[in-house]
Ligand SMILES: O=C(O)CCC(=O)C(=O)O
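Taking the form predicted on its own, here's one chain by itself in structure tokens.
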Amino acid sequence: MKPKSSAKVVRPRPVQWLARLPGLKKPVLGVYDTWLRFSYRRLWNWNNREAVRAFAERPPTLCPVQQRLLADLREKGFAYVSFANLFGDGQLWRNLDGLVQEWLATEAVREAERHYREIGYKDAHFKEYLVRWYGREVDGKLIPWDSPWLQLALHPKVLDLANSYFGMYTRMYHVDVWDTIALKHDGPLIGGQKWHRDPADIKLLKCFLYFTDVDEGSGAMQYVPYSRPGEKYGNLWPQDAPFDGARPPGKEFPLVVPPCEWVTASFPKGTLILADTAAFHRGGRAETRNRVLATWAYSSPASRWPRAFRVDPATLPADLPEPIRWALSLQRDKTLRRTAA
């Protein structure tokens, strides 16, 4: 049975207009989505050719730490480093950590934690265990250019690394701070707690910066190296790109991919995790203490997945560097602007 398409995928305006006509929605979307499934992987390189060309003309020079991370990402899709070793900026870390601690102390965050622990978990079915700085991913929240989290994700230390991993200028599609609420209960695993591949693109890079010590008791992510397309486990439960990721059966997964092949991201506060989440991964359930992290993600410019945030255009400088213009899709506003699916 062909999986249902996701309402998140951005379709061209002519397709949206035709689908609004009486009786045409199902056949128009059916034909377009079938074609897009067929062509997406086949045309991926072609659709990203300008981003590849632009990057090749001005490739960044990576420092030794970035080079090590890039080698790990290319080999197994997973890498980690301390914030201090990569950024070498103690003041930046103190500023970010201070902002997080202030946010965690707000009544809004404390009330959200209380609600989930008391009754919210009983009806949870996706990611209700998260308190988010910017809100749900589908909100497309408007944020200013000087957002510290946007600036972190666009910092050359990580953006140059992301672009080098893709071999092209990338598109940033997500940024937030998450407080994973710790609670021990007998309910089923939900949302990102299940093994899955992310749906946004056939090649991805997600970053997670820890603001607490993280171990299995606080929901450390687990990751399967060599599970990207074409690798050892790459053909198991493939994505339905660009519409959906993949969610293998929970009981069957450890029989096919043994736990000895999994990596658990248990690291101290101040660690930055980088992972290609087109591979298999899952976030653990926090039971003993909260997991607090900043997270952001990059895809190729060809991705049809909508951006989870919008930058206030009134706050943008006029002379942004080319990598940032590509990351914010300013190079291709007409073709990549966010539209209703």
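Since we're looking at a predicted model, the values are computed, not measured. Quick note: we count residues from 1 along the sequence shown, nothing fancier.
Missing here is the form predicted together with the named molecule; even so, the following discussion is about that form.
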4.5 Å heavy atom contact, P225 and the named molecule in the model of the complex = no
Contact flag, K206 vs the named molecule in the model of the complex, heavy atom cut 4.5 Å | yes
Can W178 be called a contact residue for the named molecule in the model of the complex at 4.5 Å between heavy atoms?
-> yes
Counting only non-hydrogen atoms and a 4.5 angstroms cut-off, does G192 reach the named molecule in the model of the complex?
-> yes
None of A153, V100, M221, A241 but one has a heavy atom within 4.5 Å of the named molecule in the model of the complex; the exception is M221
Give a yes or no on whether each residue among D160, R171 and R307 has a heavy atom within 4.5 Å of the named molecule in the model of the complex.
-> no
Heavy atoms, 4.5 Å, the named molecule in the model of the complex: which of 228-236, 140-148, 196-204, 77-85 makes the cut? Say which one.
-> 196-204
